[in-house]
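Quick heads-up: the structure tokens below are two forms of one chain, split into structure 1 and structure 2.
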Structure 1
Amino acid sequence: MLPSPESGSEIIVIGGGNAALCAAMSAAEAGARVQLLEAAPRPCRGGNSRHTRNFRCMHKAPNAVLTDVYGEEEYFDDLLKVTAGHTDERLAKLVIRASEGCYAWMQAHGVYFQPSLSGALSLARTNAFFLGGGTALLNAYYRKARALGVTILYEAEVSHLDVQEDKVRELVFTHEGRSRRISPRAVIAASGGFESNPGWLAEAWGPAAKNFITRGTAYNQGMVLKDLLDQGAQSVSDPAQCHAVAIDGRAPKFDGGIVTRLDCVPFSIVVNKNAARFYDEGEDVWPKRYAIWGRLVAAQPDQIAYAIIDSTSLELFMPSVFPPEKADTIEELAVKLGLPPQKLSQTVNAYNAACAPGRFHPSEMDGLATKGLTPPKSNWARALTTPPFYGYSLRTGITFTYLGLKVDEKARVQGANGAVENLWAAGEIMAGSILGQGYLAGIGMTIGTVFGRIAGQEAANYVR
């Protein structure tokens, strides 16, 4: 028998990802009786968190997995750069400072770390990688939470929080096909964004959204977020802000995760379905440009693009899970990719003609640029002349959405008239405060861990 949620739980945690588990463990450690409601079934538990690999961690000295130092100022500068200032400085600095202690806290809760993965060495100084990735991290957290007495209900989807006079009075969820109502003393919302909800994405992006792929879980429907916004909760960021990257067009609709990533853009030319180029593929090093290509592809007809390389570049980037289309001539490749062959061959010829000889250096901006081409390719511009030629299709892959709940530094959700007395939020559902736009690799898990811990402690203090 599953434990009945009515059995005297004081705190309900909504969600089953990193933020939810950090909150649940912290609240239970502070002595509260906690019930966690996860919408997904057991095998799919853990939301987007199970696809993650690292968190961004401030540190004053090297440790077992992080090299050198990464201080508060630099961390904050990095955040300012990617968000173009769209960040709440107080909350951001709080997260950054607390990230330092998370490393030991996570280990104490069962997480193991590993040195930076081969192929991700550029993050060795800033990001601590979880051994086995986010799924292993969550396994450890679920075990620890159970040991701390947290009861866990899977396939329990929360649809409504009844907020009256700045207090959550009742919570409605479905479990095993039945609608249930409970009145917990405190609630922590850690149910993610709305990236899995095509209807809501379409409101923000228009019909283009139907061609988007969700890189993570299918269960982040944004139900709790919408419910609270409808009841007047204050919001941060906006519905069109999200982390979106260009991924392999053959990726599954949900949960493709990291393996559908394609890092070939800087070494390729990228064309739309009319075989026309549309953006400078070599604008900057890939980690800095990774996150703009989702939007670029979304703006193309049918939200699809194609990256074309020749055999000299095939081994310069991390392999993706799907093998590329391969052909001996550009025309043949075009046919395989469903592109107009003549047009593609014109585009390639024009590009090749604009390429000049020079030193090519794959891992730094080499200045090897096209001449007189629009749009230009500013680096790594080598003529595509060595068959076989390879092509990948690209689609927009949504990682997570930023529209979220406004919280204070105690993680309390801000309603129309100020803080809701017994409601806290952590993780994606409030990350937009810090990440108003852009993205800083590894900060999603940091925000969820820091705010999850705060929310858990605060909620426990409240019910004690």
Structure 2
Amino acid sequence: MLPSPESGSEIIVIGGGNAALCAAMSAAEAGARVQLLEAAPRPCRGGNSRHTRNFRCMHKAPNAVLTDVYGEEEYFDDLLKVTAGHTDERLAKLVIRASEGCYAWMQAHGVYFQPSLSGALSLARTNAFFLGGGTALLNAYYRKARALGVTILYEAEVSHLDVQEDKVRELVFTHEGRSRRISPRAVIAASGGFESNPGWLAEAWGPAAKNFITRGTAYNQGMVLKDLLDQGAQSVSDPAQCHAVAIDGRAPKFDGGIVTRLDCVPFSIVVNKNAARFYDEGEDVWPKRYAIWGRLVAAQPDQIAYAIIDSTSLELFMPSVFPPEKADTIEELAVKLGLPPQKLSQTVNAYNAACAPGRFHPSEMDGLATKGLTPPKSNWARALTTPPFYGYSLRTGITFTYLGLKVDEKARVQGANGAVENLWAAGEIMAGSILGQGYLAGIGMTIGTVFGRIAGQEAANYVR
């Protein structure tokens, strides 16, 4: 039997992913009575966290799965590069420093780690991979949360938080076909962004949004975020900023997950539907550039692009979930992809002519660049001359949106007149403070873990 939503919980956690569970466990360990409201049904629980594989972790020495050293200064510098400085330095450094202790905390809560996957963005030094991926992490956290006394409701969708005089007075949600109202002493919002809400995406992106694919959960509609913003909660970032990557154009509309991402771009040339290149495929190492390609594809006609490689590159990246189109000539490949054959041939020939001799090194920036080509290819520029040739269609795949709630160092939500007394936020719903634009592989899980723990502890302190 499902627990009753009127069972005397002091803290309500909205959401069912990594941040929500970290908050729920931390609050329960501090002695609070906690209930978690997950909008998704049980088989789909966990939001985008079930599609994750790792988190980015500061460390001063190697350990069982992390190599070498990854310090605060380098971590912050990496973040500055991908965000172009659009980050709250206080909160960013708080996350970075706290990430060092997350590894042991996660292990203590049932998470197992494994060495970096081969071909997985070259992250062995910076990111700790979960054994069994995000689903295994979530299963461990749900077991631990239940053991700590956290009650969990599935298919419990929150529609309204009644905020009056800078305090949440009532929470409204639906469950089992009924509308319910409760008055918890504290609330933690960890319900994600609005990437699954096509209407809201269209407001930000216009007609292009109809061609976007949501890589993760179909349940992140942004209802809690919109409700709080409409009541004057302070916001961070803007609606058009998001974690958007280039994914296989054949991916499903929702929940395709990380396997739909294509990592072939650095070793390819990428063209739009007119068979024209439009950006430097070798600008930097893939972990620092893979998250810009969703926006680049979104700016192309019909929001589609195509990555072209030859047989020398087929084994250099994580295999795709869908097989590529294959042909013995560039012209034949163009026909299979629906591209103008003559134009694609001209583009490939111009690229090949611009490639220069040099040392090719697939796992690091090798300086093997084109000469006299616009746009250039700054690294890994090898001529496409060895058949068979392969092609992948690329679409914009949105993972999560960055428009979110402004919080302070204690994860407390900032309202129109200052902090909301009994409301905290964690995870994607507040990550825009740190990710004003761009993305750094694995940092989403780090933000959720750090701020989830903070929010849970602070909410428990409040009710105590």
Partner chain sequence: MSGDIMLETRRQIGICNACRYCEGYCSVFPSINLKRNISDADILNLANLCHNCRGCYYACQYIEPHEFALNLPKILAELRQKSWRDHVWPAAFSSIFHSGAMAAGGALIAGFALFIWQARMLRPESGEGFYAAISHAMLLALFLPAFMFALFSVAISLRRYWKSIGGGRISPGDFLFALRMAAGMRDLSGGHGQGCNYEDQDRYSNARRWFHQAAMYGFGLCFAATCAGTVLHYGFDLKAPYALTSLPKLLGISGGVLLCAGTLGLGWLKLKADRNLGAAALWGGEMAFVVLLFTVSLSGLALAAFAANGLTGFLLPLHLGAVLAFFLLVPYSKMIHGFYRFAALLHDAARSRSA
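Between two forms, the rigid core is the largest collection of C-alphas that superpose within 1.5 Å. The shown structure was predicted, so the numbers you read here are calculated from the model rather than taken from an experiment. Numbering for residues begins at 1 and runs along the sequence of structure 1.
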property: Structure number of the form predicted on its own; result: 2
property: Threshold 2 Å Cα movement between structure 1 and structure 2 at residue 326, rigid core reference; result: yes
property: Did residue 194 shift 2 Å or more between structure 1 and structure 2, C-alpha, core superposed; result: no
property: Flag for residue 374, CA shift 2 Å or larger between structure 1 and structure 2 after aligning core; result: yes
property: Cα displacement of residue 340 between structure 1 and structure 2, once the rigid core is superposed (Å); result: 4.2
